[in-house]
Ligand SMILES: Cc1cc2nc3c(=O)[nH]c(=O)nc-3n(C[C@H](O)[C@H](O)[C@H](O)COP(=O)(O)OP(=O)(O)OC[C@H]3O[C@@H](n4cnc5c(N)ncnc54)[C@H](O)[C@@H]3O)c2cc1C
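Heads up, the chain below is alone and in the form predicted alone; it's given as C-alpha cells.
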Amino acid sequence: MTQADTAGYPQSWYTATMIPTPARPALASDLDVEVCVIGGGLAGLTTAREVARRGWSVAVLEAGRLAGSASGRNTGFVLPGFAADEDKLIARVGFERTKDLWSLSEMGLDYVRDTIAAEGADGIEPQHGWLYVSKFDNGAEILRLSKLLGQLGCDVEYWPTERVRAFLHSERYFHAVNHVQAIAIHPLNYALKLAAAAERDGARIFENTQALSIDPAGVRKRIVTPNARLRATQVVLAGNVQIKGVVPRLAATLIPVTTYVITTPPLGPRLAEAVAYRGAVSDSDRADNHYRVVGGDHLMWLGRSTVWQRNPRRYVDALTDDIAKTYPQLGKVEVDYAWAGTLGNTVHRMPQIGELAPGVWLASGFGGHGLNTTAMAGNLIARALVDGDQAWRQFTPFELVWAGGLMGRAVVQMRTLVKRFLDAQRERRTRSRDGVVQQARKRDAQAAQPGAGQADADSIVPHESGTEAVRSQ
C-alpha cells in the first residue's frame, strides 16, 4: 500500500491525517503537451483533470508539493458565492448578472460534491452545512440577507437567536444564516484525490518543478524549468501570490493575507456540549473566527489574519483566547497543531479568470471563497480551451487591479484592525443590552409566581427574535 509522503508539507492536522499518496517526480526531460498548467493547487488540478477528461494532453508544474500552500491549509469550507459582498456585487454588475455569477459559484460547490461522490469520501469526510452567525442582535439585517441570498438562488435558512443557541451554546451569538448545501472537507485529501483522478485521465503531474520563465510568443509557448523545458499551445497560470517569481505583474494584483489555524487535542463530550452543530461556522465576514469540529472531538479554529506572514505559534494564545471568549465552558484549550496559510485577495474581492493573451490564461485571486471558486475556474477554463465556451467572460468586469504594493498591504491591515475594534465595541453594547433583556425576563418570570409583584414594564428592552427557521430558496 502506498504511504503518505509528507515531506514538504507543514506540520498540521491535515498533514497528520493525509491519505496514502506518493511524491510525484520533478520534470527531468523536455516535454511537449497541448496544455501546461502552472500551479498544483485546486484551480490547477481541476483545470488539468477537466482538460484531460476531454482528451487533451496536459502537464501540471508545481514548484513544491501538490496543494502545499493555501489549497491544503485552509479550514475546508466549500461555500456558495464569492468573497465580494453581495450588495456591492449587485451595485457593480446588476442583480441579474450577479445571479448568473452566483449560479457559476454554485456549480463550483456542486463539482466538489460530485467529485467526492465519484472518488470516495474516505479521508475527505464531508460535513454538511455552514452557519454564518452574528455576534449582534440584528435580526432584521440577517433576515434581509437570507432573503437576498434566496433570490440569488442559494438554499438558505434564517435562524433566530433561540435556534442558534440551541446548537452553538454561546451567549455571544444571536441570529444566523444556515447555508444548507455547503460542506466542509479535508482540503488536502480532496486535492490529492483530485490529482489521482486527473492522472487516471492522462494528466502528467510534476512536483518540485518551478517554472522559471515563460515565452508566450508564437503558437507554441515555451516554459523553462530547472532541469527541462516544456512546450505547450496553451498555458494556464493557476497560482496564488507564489506566482510572483514567473509573472511579477500578476502577483502585484494580489494582497497576500495570512491566516492562522489551530486544532486542539480530543476534547471529549465537553466539545459536543458546547458545539452541537457539525458543519462549518463563521461569526465574521473577514478572517476571524471560522471553525468546525474535526476528527470527532477536535476543534479547528482559524483567525487573526495578517498581511505579512509570521510564525503561527505567535497566535496560539490569541486564538485560544478567542475560543474561551466564545465558549467559556471549554476554558483555555490545549493545541496540538498550529499552522498558517497565505491566500491572495484581489482589490475587488472577485476571482481573476480569463485570457491574458492568445494562449495564456489566468485563474487566480480566490481568497475568501477558494474551494468553490477554484473548482468553478478550472471548469470554465477547461471548457474555454477545449470547447470554445465563453462563460468565463462573465468575469471580465473584474479586471486586474494593482493592489497598492506595501502601502496597500498596510492599508488592509489597518482596516482589519479597525474593523476588529469596532466590532468588539458593537458586540459589547449588544451583550450589555442582551443582559438587560435577560434580567427583565427573569423579573417577569418571578413576577408571574403567586404573590410576586408586577415587573416594571419600562425596564424591558425589546428583543428581536423568533423561534422557527425561515427557508429562502
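A residue's number is simply how far along the shown sequence it sits, counting from 1. Predicted model, so just to flag it, every value in this text is computed and none were measured.
One more form of this protein exists, namely the form predicted in complex with the ligand; it is left out here, but the text below deals with it.
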From the list T346, S134, T320, T342, which entry has a heavy atom within 4.5 Å of the ligand in the predicted complex? T342
Just one of V33, A63, A52, V412 has a heavy atom within 4.5 Å of the ligand in the predicted complex. Which one? A63
Verify the flagged residues V93, S105 and L250 against the ligand in the predicted complex: is each one within 4.5 Å by a non-hydrogen atom? no
Answer with yes or no whether G370 is in contact with the ligand in the predicted complex, where contact means some heavy atom within 4.5 Å. yes
How about R73 - does it come within 4.5 Å of the ligand in the predicted complex, if we only consider non-hydrogen atoms? yes
So, A384 and the ligand: in the predicted complex, are they within 4.5 Å at any heavy atom pair? no
Partner proximity in the predicted complex: N189 to the ligand, non-hydrogen atom cutoff 4.5 Å: no
Of these, 266 to 274, 210 to 218, 349 to 357, 161 to 169, which stretch puts a heavy atom within 4.5 angstroms of the ligand in the predicted complex? 210 to 218
Looking in the predicted complex, the residues of 243 to 264 with a heavy atom no more than 4.5 Å from the ligand, listed in order, are I243, V246, T259, V261
